[in-house]
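For reference, the chain that follows is the form predicted alone, supplied as structure tokens.
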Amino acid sequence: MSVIDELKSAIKAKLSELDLVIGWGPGFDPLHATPLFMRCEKDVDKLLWGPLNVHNPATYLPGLKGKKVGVVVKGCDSRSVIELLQEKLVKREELVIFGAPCAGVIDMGKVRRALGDLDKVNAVSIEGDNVVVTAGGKQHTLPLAEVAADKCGRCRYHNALISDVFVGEHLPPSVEQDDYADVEAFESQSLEERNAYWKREMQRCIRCYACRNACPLCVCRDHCIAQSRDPHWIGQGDNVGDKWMFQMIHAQHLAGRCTECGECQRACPVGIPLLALKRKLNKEIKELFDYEAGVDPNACPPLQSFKVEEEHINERGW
């Protein structure tokens, strides 16, 4: 039985116990799968599984607190669920987690650059390690390795780290360790170069806050500093300073909590590489606290705990 058929069978077996199950279904065209909210077997028949499942369904879970919810997860999604459990933003007894191995998801920006136009997509199929897209009457065979999201190339968690039902065969990690080579390459530039880079990027920000809304761990909601008038932390003007201020605070709020699902960057309509900011802070958290978010349900994030002296911080030597 295929992974998708196993998933559908498992969900249907549990559906009567749940208010809904969140997964992925067909979108407005064959290339864009969208979040699917399943409440009956007919809904489950629409479920998709594969490289088109780019969204992180864990984002919806805090808003469904109090309901019995099923959620289908990739490895990175499962890390977000773990982090939400750690922070008591969701309750384990209210969740049924369906996991399966994920070989990677596509980066729509890379597909767009390969095809040039995504407005005429007629059909999409996954054939082995290739994504075959028919657009404007022409067939394009795109190796998944070339159009996969960058995060998938350094993924060590292709399999759900937490699940009640796991279907399919476990996949090995893409790499043994994340060496943060991309972050170190950026760090090798001068302060002036790095500052100029982010100023250029922030000029393109349209302040839509899609990055915030898509983030499963960004949960301040009505108290977000981006919209608060009392205190009035950030102005509403279209200037780089206010945009940069929001992104820096956003990144600081995610320090030691970000599971690098990449939803902030995926959701950005102007393509700002926001995940780089989160990875920089994750690198610092790893070096200072030897901690990685979303891999241990029983662990306490470092910024939610306190030690008189941290093991990896030379406080007395400063």
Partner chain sequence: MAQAKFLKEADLAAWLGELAKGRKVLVPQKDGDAVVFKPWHEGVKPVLDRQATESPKKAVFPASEKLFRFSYIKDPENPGKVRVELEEPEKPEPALVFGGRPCDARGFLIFDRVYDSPKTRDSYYVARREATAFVTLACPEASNTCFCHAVGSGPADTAGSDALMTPVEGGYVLEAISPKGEELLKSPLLSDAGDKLAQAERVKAQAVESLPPAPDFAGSPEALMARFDDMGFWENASAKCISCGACTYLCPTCYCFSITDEESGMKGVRMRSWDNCMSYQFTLEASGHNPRPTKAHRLKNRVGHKFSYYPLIHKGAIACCGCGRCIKSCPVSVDIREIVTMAIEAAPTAEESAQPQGAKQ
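Positions refer to the first chain, counted from 1. Values in this document were obtained by computation on a predicted structure and should not be read as measured data.
The protein also exists as the form predicted in complex with the partner chain; that form is not presented, and the subsequent description refers to it.
Handout entry: Contact residue in the predicted complex, from 280, 32, 286, 68 (heavy atom within 4.5 Å of the partner chain)
Key = Spelling it out, the residue with a heavy atom inside the cut-off is 32.
Handout entry: Interface residue in the predicted complex among 170, 229, 138, 88, criterion: non-hydrogen atom within 4.5 angstroms of the partner chain
Key = If I apply the 4.5 Å criterion carefully, the residue I get is 229.
Problem - Any non-hydrogen atom of residue 270 within 4.5 angstroms of the partner chain in the predicted complex - result: Although the partner chain is absent here, residue 270 would touch it in the predicted complex, with heavy atoms inside 4.5 Å.
Handout entry: in the predicted complex, residue 237 touching the partner chain (heavy atom, 4.5 Å)
Key = Yes - in the predicted complex, heavy atoms of residue 237 and the partner chain come within 4.5 Å of each other.
Exercise for the section: Decide whether residue 250 counts as a contact residue for the partner chain in the predicted complex under a heavy atom distance cut-off of 4.5 Å. Expected result: Residue 250: no, not in contact with the partner chain in the predicted complex.
Exercise for the section: Indicate whether the partner chain has at least one heavy atom within 4.5 Å of a heavy atom of residue 161 in the predicted complex. Expected result: Judged by the heavy-atom cut-off of 4.5 Å, residue 161 is well away from the partner chain in the predicted complex.
Problem - Which of 96 to 104, 202 to 210, 177 to 185, 76 to 84 sits within 4.5 Å of the partner chain in the predicted complex, heavy atom basis - result: After filtering at 4.5 Å, what remains is 202 to 210.
Practice task
Flag this candidate site as yes only if 39, 109 and 119 all have a heavy atom within 4.5 Å of the partner chain in the predicted complex; otherwise mark no.
Solution key: Judged in the predicted complex, 39, 109 and 119 all sit within 4.5 Å of the partner chain.
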